[in-house]
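Below, in structure tokens: the form predicted on its own, a single chain.
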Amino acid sequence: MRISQLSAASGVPIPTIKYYLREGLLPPGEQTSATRAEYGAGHIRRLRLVRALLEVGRLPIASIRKVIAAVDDENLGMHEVLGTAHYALAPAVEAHDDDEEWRRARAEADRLITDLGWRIDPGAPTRDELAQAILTLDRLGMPATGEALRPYAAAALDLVVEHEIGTIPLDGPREAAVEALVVGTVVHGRVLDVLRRLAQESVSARFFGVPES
């Protein structure tokens, strides 16, 4: 298909497609003449992935380029590819290794991960993200020990094992798997947060509200 047809099929404007081509986020089409190239189904899949990373994941171009490179690297297994996308989605957290409170929070985060038996890379940004949350709770006078966080960990693990991991298509293009991971992590994460707040309102009404007549 020509670039105009690719635009129509993907819903991505032609100028945006050309921008992705210039940035290396989309592989070039098959050149059929000096001014014309042909594109295929693989380009549509790649555009879906780029849009998911950009519009859903809110990732900068540099981070998207890293994820794309991982998808294209056949030497990487699926765990490494999905991990690259996961780490790209993690918010930036500045570690303060010279701060005793930070070191204590990070140690608590690492201890919880070890006690749970979870296989997490030592350099995973989520370790610092968890440490930051623990530190914030400590500073608010609501200390978060590993035991206090275990119910949240158990709920998260159950959700991932029983539902989320099964929504990632592993028998097709790697782009589809990463797209499902990004959408599931970001959008379903928001859904989980909303449902939790709805549940809090419902339970509050049951325990503290005016009884229904």
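Don't overthink the numbering: it's just position in the shown sequence, from 1. Just so it is clear, the structure is predicted and the values come from calculations on it, not from any experiment.
Unshown form predicted together with the DNA; subsequent notes refer to it.
For the chain shown alone, residue 37 is a contact residue for the DNA in the model of the complex, at least one non-hydrogen atom being within 4.5 angstroms. Shown alone here, residue 16 lies within 4.5 Å of the DNA in the model of the complex, counting heavy atoms only. Within 4.5 Å of any heavy atom of the DNA in the model of the complex lies no heavy atom of residue 157. For the chain shown alone, residue 70 is not a contact residue for the DNA in the model of the complex, no non-hydrogen atom being within 4.5 angstroms. The contact with the DNA in the model of the complex, taken as any heavy atom within 4.5 Å, belongs to 61 out of 148, 187, 61, 153. Of the candidates 44, 181, 144, 54, 54 is the one whose heavy atoms come within 4.5 Å of the DNA in the model of the complex; the others do not.
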